[in-house]
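Just the one chain here, the form predicted alone, laid out as structure tokens.
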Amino acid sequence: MLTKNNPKKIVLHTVWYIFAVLLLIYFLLPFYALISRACMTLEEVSSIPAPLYPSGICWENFVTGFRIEGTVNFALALWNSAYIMFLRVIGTVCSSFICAFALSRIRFRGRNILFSAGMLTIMLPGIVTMIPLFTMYSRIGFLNTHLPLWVPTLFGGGMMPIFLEMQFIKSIPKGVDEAAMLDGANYLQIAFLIILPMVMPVLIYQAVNAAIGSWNDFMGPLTYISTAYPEKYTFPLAFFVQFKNASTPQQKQPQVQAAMSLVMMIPTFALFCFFHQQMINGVSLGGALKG
């Protein structure tokens, strides 16, 4: 049955949907511009004004990026980024879970002091620790290698992942641990056979975050890898070095840059598509356990 408020609700819903569509177009417009430029020829992308859409798909742009002559090898850089990402994900997830379990479930002297000291590091901007880290890595021979990009993840991967996992572990009743101990389980068995499956959603969330952060990392390789070691370049660093001194459209090749940018986006987009539900569950799990 119609009510007097129906026309007003229809107008409000219509305005809301129009606003949502316009907002969606606003956020998708840069992606459309990138995709259209990646499919254009050099003549099309260099014309003023540039066309809104390509006359056809120029697949050669995606191949040319891996065949550019020079010191940069994009295929090798892609492999470097992939295996560094794998190591960082494994290191971050494993070490952060072990630290979070120890700080949440095991009572030992100095636990609160250790936790407080770790939380203080969150307030330090990355730019403050850049020079001390560079000096330390230089003295131990880590410069111009991939070691500074993944070895630190073996020591917890930062305090934020540890803190987040601690909150999820604390939401699990301690009676679970006590029941396991009565059955003869030790701390390692409790951690990996009981607690680990329960916090798997948040670990997946941490793994995806670590993977995306590693894949998009530019400052790390730029800081620790010099131009004398092009075989050590990651994909973002190779992209920067290849096109930083270009001046003419033939050197800049904006259509190739757009194609390489799309290639770089594929892994992160795929990760989000495959694990978006697990990431949502990972964020909401703590409250669900407490309830």
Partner chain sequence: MKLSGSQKRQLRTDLWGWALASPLLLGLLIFTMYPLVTSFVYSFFDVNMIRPMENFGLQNYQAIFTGDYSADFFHSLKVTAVYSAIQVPLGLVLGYALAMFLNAACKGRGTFLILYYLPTLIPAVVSGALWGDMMNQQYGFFNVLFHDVMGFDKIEFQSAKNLMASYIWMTTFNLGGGSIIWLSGLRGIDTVYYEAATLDGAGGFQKFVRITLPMSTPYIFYNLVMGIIGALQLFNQPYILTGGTGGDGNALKTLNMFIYETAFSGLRMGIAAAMAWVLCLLVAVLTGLTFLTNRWVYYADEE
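Numbering follows the first chain given and starts at 1. No experiment lies behind these values; they were computed from the predicted model shown.
We do not show the form predicted together with the partner chain, though everything after this point is about it.
Student: Does V11 reach the partner chain in the predicted bound form if we count a contact as any heavy atom within 4.5 Å?
Tutor: Looking in the predicted bound form, residue contacts with the partner chain do not include V11, since no heavy atom lies within 4.5 Å.
Student: Can you work out whether F168 and the partner chain are in contact in the predicted bound form, taking contact to mean some heavy atom pair no more than 4.5 Å apart?
Tutor: No, no contact at 4.5 Å.
Student: Any of the heavy atoms of N216 lying within 4.5 Å of the partner chain in the predicted bound form?
Tutor: Although the partner chain is absent here, N216 would touch it in the predicted bound form, with heavy atoms inside 4.5 Å.
Student: Is L133 near the partner chain? Define near as a heavy atom within 4.5 Å, in the predicted bound form.
Tutor: Answer yes; at least one heavy atom of L133 falls within 4.5 Å of the partner chain in the predicted bound form.
Student: Answer yes or no: in the predicted bound form, does the partner chain come within 4.5 Å of a heavy atom in every one of T41, C58 and G65?
Tutor: Checking in the predicted bound form: none of T41, C58 and G65 is within 4.5 Å of the partner chain.
Student: Exactly one residue in A75, L188, A82, I194 has a non-hydrogen atom within 4.5 Å of the partner chain in the predicted bound form; which is it?
Tutor: Of the listed residues, the single hit is L188.
Student: Taking the partner chain in the predicted bound form as the reference, which of L164, L103, I172, A207 has a non-hydrogen atom within 4.5 Å?
Tutor: Exactly one listed residue reaches within 4.5 Å, namely L103.
Student: Could you tell me which stretch in 105-113, 82-90, 195-203, 172-180 has residues with non-hydrogen atoms within 4.5 Å of the partner chain in the predicted bound form?
Tutor: Of the options, only 105-113 has residues within 4.5 Å of the partner.
Student: Across 122-145, which residues bring a heavy atom to within 4.5 Å of the partner chain in the predicted bound form?
Tutor: The stretch touches the partner through M123, L124, P125, G126, I127, V128, T129, M130, I131, P132, L133, F134, T135, M136, Y137, S138, R139.
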